[in-house]
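Starting off, we have a lone chain in the form predicted on its own, written out as structure tokens.
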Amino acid sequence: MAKNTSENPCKMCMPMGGILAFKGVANAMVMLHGAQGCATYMRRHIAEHFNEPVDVASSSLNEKGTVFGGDENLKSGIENMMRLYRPEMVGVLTTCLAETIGEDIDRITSEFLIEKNLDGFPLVPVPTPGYGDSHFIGFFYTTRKIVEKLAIKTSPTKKINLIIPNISPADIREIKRIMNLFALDYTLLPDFSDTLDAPFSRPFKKIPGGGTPVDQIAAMPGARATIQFGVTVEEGLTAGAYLRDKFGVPLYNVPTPVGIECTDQFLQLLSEISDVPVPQQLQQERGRLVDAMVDAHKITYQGRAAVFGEPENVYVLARACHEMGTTPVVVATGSKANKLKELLQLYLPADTDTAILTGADFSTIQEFALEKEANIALGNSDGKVLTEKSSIPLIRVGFPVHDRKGGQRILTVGYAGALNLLDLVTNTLLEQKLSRYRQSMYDSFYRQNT
């Protein structure tokens, strides 16, 4: 929905997503080529969601660098950062300022490696103008650029590549648990389940442990298949498509396993690839989920949901709402997401009057939520305006969750995540109903006669 102005945008900038992708690589550090304020803004958002210290370096472009070029700022910044942190990989992301003045980070980083005799060091430049697109696109594009830089032709292995969108550390751990139940050997990218949700330990580590090892990323072309959760993303932006086109690795692009159908699809795929039946433990979890859906249906069918956030997440959340009986009356994202509407129309009944909004801001989302009489919302903390202005209760899910603790522990994937989501939706609707019950009964039987 094109507008000349944006009120409370339902997205963030490309380098924000790029930082998250680099945080999923072991012993990696990120340099933002731009003004200091950009790095501060992004550190704050990421730290508030994950409740972890988040180090992001900045080339600190000032007036002089803006006019005469920021080569020296960027080179000296990378050198200082490498001396202090000793990273095994460095990512360089651009910002609005660097892109506007035409900084060529490919040339600058190549010159730096030659000048410092660092031939072969994984220094990954990624152009991510803040105005270029959303943090969602920045996440997928950076993941692809990491693979493009590191992947090399290697001997075939029995590993599975698993490329994920921006989900919570709790979600990543749940996916790992499922993969382990199938006894599959895999490379998951990017893996920030530990780097952005690290256990307490001493002494303090400048770079937290965890993340996808660089040598495993390099070996991804040898895998027997790639599973990618990225059905709403254009293929040219994904690492899975690159591995298929460049190295012939078969690609299975499937929805993120949120809700019962998408989780069924993921587990069936794992079963076919591994030639192992779905483990009994997961079948039992599915049975409990179905039982809970039956228990809750008298409440959940009354729900009319406004779902918003990153395209990949809103796609599966809308389907999960529909499965549990709650009608997704508004599905919105701030990204362009050209494929979202087409994909959703395959699963939502033809008589469901759902407003599917792309490139939306929260003023538009609120307008449609009121028009469609939404009584519950699912999305990140930025949607709290729906509660403040329209009294629509918000279930916080996605990124960022900065006005509550525990954003990194929100679980939505797998049958366990679907059960958690079902309880949240049911109890929110139940609380809303009970809080208004006495007044509605009074209005129905007495007020009209007074």
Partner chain sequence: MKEDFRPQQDEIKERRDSISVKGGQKKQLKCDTHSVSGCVSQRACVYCGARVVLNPVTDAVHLVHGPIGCASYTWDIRGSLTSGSSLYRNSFSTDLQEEDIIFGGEKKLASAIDELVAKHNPKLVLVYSTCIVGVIGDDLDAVCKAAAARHGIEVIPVQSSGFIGNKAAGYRAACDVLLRLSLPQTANPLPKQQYTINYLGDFNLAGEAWMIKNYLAEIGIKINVVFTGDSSYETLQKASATSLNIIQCAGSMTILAEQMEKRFQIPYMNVSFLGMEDTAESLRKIAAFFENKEFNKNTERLIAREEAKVGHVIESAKQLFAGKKAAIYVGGGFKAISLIKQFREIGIDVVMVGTQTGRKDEYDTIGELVNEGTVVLDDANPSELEKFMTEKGAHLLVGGVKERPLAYKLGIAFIDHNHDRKHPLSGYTGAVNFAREVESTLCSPVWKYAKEGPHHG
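Here the structure is a predicted model, which is why all the values come from computation and not from measurement. Numbering follows the first chain given and starts at 1.
Form predicted together with the partner chain: not shown, discussed below.
Of the residues Ser76, Thr154, Gln265, Thr352, just one reaches the partner chain in the model of the complex with a heavy atom at 4.5 Å or closer; this is Ser76. This chain appears without its partner; in the model of the complex, the one residue of Ile395, Val401, Leu411, Ala35 with a heavy atom within 4.5 Å of the partner chain is Ala35.
Candidate site formed by Asp55, Thr100 and Phe204: every one of these residues places a non-hydrogen atom within 4.5 angstroms of the partner chain in the model of the complex. In summary, the region of this chain contacting the partner chain in the model of the complex, judged by heavy atoms within 4.5 Å and restricted to 175-183, 78-86, 220-228, 279-287, corresponds to 78-86. In the model of the complex, the partner chain sits within 4.5 Å of a heavy atom belonging to Thr5. Though the partner is left out of this view, Leu424 does not reach within 4.5 Å of the partner chain in the model of the complex, counting heavy atoms only. Of the heavy atoms in Gly130, some are within 4.5 Å of the partner chain in the model of the complex. Residue contact with the partner chain in the model of the complex: Met16 places a heavy atom within 4.5 Å of it. Residues of 43-75 that come within 4.5 Å of the partner chain in the model of the complex, judged by any heavy atom, are Arg43, Arg44, His45, Ala47, Glu48, Asn51, Glu52, Pro53, Asp55, Val56, Ala57, Ser58, Ser59, Ser60, Leu61, Asn62, Glu63, Thr66, Asn73 in sequence order.
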